[in-house]
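Quick heads-up: it's one chain on its own, the form predicted alone, in structure tokens.
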Amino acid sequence: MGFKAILRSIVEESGGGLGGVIMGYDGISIDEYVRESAGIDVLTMTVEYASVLKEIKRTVGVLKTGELEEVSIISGECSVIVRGISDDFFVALIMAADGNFGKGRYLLKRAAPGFREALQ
């Protein structure tokens, strides 16, 4: 199963998913899936967050607290769940504000090892 198919499955199964992206910390997208009805520019959002995530990842490294596993960004209109999948890449799930956040986290955590393996 390709990246887009896995992202689509996560977005559709999550209960409120708007889109999913696999991206490098440099802001370059590997693949994405966005619902037609998303109403949010998912790719631009994740590109903008990539620079923030790069800084968070650097800070985690400086503090020597282990690898970056997950970051959540919650705003009035949506939630973004980010899971690190390697030193260079992360996967992000963008959800509606009223989406099932816990299920989204679980689905990303479950899929992360497969993404990690496919990117090596």
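Because the structure is a prediction, the values reported are computed rather than measured. From 1 onward, residues are counted along the sequence shown.
Beyond what is shown, the protein has a form predicted in complex with a further copy of the same chain; the following relates to that form.
Not one of F3, I6 and D26 comes within 4.5 Å of a further copy of the same chain in the predicted complex, counting any heavy atom. Although the partner is absent here, D87 sits far enough away that none of its heavy atoms falls within 4.5 Å of a further copy of the same chain in the predicted complex.
Residue contact with a further copy of the same chain in the predicted complex: I56 places a heavy atom within 4.5 Å of it. The shortest heavy atom separation between Y49 and a further copy of the same chain in the predicted complex is within 4.5 Å.
Although the partner is absent here, I30 is not a contact residue: none of its heavy atoms lies within 4.5 angstroms of a further copy of the same chain in the predicted complex. The partner is not shown here, but in the predicted complex the stretch 69 to 84 reaches within 4.5 angstroms of a further copy of the same chain through a heavy atom at E69, E70, V71, S72, I73, I74, S75, G76, E77, C78.
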